[in-house]
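Next up: just one chain, as C-alpha cells, the form predicted alone.
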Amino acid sequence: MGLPGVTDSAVYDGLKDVLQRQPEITAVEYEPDSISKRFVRATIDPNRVTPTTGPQSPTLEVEWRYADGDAYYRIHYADPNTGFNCGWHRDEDHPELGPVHFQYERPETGESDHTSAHFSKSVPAEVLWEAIERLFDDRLPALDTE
C-alpha cells in the first residue's frame, strides 16, 4: 500500500541534503527522477555498515507525503545481500501501534516484527537525522548480538 497524499519538493530537497551528509551513503537520487520526486533513494557503502555485509550496496529509501494536514512517511533500509530490511513508517497500516511504527524482517531466521516508535522531532529533516542515527548506531549493530 502506498502512502496517501502529495509530495513537497522543498521537503525532498532537505531530505536529500541530510542523506548526502551521512558518511555511510555514497549516492542519493530522486526517484523516478528530479522532476517527479516520488521518493529519495540512497545507496550505502556495504563496507561502512556494522555488521559488514556482502558486496551489493544496501539502500535507504525515504518517501514523505502530506494529506489533510498530516505527514506520512516511510524511511526504509534494505540489504540485498542478506534480505534484511527495516524501517520507520508513519502510515495507516498498523493503527494499534500509534502513528509511527518500526518494522523489520530477517529472512535468514524467519524473524519479523512491528513495534510502536516515536521521534522527538517533527520536522522532516530532523526526523530523518534521528532515524539514520538509530539505524547505523543501534539497529544494524544489534544484528551482531541477536
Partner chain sequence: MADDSPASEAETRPSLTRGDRVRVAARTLRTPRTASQVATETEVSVKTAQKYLEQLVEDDVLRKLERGDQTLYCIDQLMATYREIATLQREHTREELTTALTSMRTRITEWKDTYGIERPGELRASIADLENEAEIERRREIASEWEHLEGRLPVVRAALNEYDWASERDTLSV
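Numbering follows the first chain given and starts at 1. Everything numeric in this text was worked out from a predicted model, so none of it was measured.
Below, we refer to the form predicted in complex with the partner chain, which is not included among the displayed structures.
The partner chain is not drawn, but in the predicted complex it has a heavy atom within 4.5 Å of residue 36. The partner chain is not drawn, but in the predicted complex it has a heavy atom within 4.5 Å of residue 121. The closest heavy atom approach of residue 66 to the partner chain in the predicted complex falls within 4.5 Å.
Using a 4.5 Å cutoff between non-hydrogen atoms, residue 141 does not count as a contact of the partner chain in the predicted complex. Across the options 45-53, 27-35, 109-117, 96-104, residues that bring heavy atoms within 4.5 Å of the partner chain in the predicted complex belong to 27-35.
In the predicted complex, no residue of 96-111 lies within 4.5 Å of the partner chain by any heavy atom.
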